[in-house]
Ligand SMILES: Cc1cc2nc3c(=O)[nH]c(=O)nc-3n(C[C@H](O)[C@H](O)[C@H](O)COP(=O)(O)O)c2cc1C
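Presented below, as structure tokens, is a lone chain in the form predicted alone.
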Amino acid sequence: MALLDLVKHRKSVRDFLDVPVEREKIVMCLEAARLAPSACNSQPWKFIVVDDRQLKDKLCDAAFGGIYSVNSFCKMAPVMVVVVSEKSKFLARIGGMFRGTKYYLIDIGVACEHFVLQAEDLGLGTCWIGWFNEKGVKSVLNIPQHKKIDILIALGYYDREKLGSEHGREPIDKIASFNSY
């Protein structure tokens, strides 16, 4: 599929089918993420794929209880991907301090977008999740407390017909200009 068509089709999925995702497809998504560019080639990410149903259910219970329950739909997803933010290379951190930019967040954002676009190309749906109980996730997966988890990705098959086609995006003339603000 052409990239622009792929981007037009990709949406945040919140209604997953109860169908397992093949490991080969998950690995292809991880490979797409692995190839993403990053500041100073830091590659400041680690992807923990949770596809064991019992562990995934335990993870979702810990991640999406209480004030985080708005994202409890993730319990329907057959796969959860936990994205651990790792340390950037020294030059990327120094440059980020001078610029006031957390390059590692941009880097994991690009890697995760590669992941979700590859998933869409394979007929899988995804949803980025930023609102979750980080301590709960760390506890279930034995992730050291000093590590940072900024993103979870729900992954699975979905009914494209149910999702619809409207994106609700602003027109180009509202979000872009040429040669001046």
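This structure is a prediction, so every number in the text was calculated from the model and none was measured. Sequential numbering from 1, following the sequence displayed.
Below: the form predicted in complex with this ligand, not depicted.
- In the predicted bound form, none of the heavy atoms of residue 47 sits within 4.5 Å of a heavy atom of this ligand.
- The closest heavy atom approach of residue 23 to this ligand in the predicted bound form falls outside 4.5 Å.
- Not displayed here, this ligand is kept clear of residue 37 by more than 4.5 Å at the level of heavy atoms in the predicted bound form.
- Contact check for residue 130: a heavy atom falls within 4.5 Å of this ligand in the predicted bound form.
- Segments offered: 66-74, 48-56, 117-125, 139-147. Contacting this ligand in the predicted bound form at heavy atom distances within 4.5 Å is 66-74.
- For the options 154, 33, 60, 151, the residue carrying a heavy atom within 4.5 angstroms of this ligand in the predicted bound form is 151.
- Heavy atoms closer than or equal to 4.5 Å to this ligand in the predicted bound form belong, across 89-118, to no residue whatsoever.
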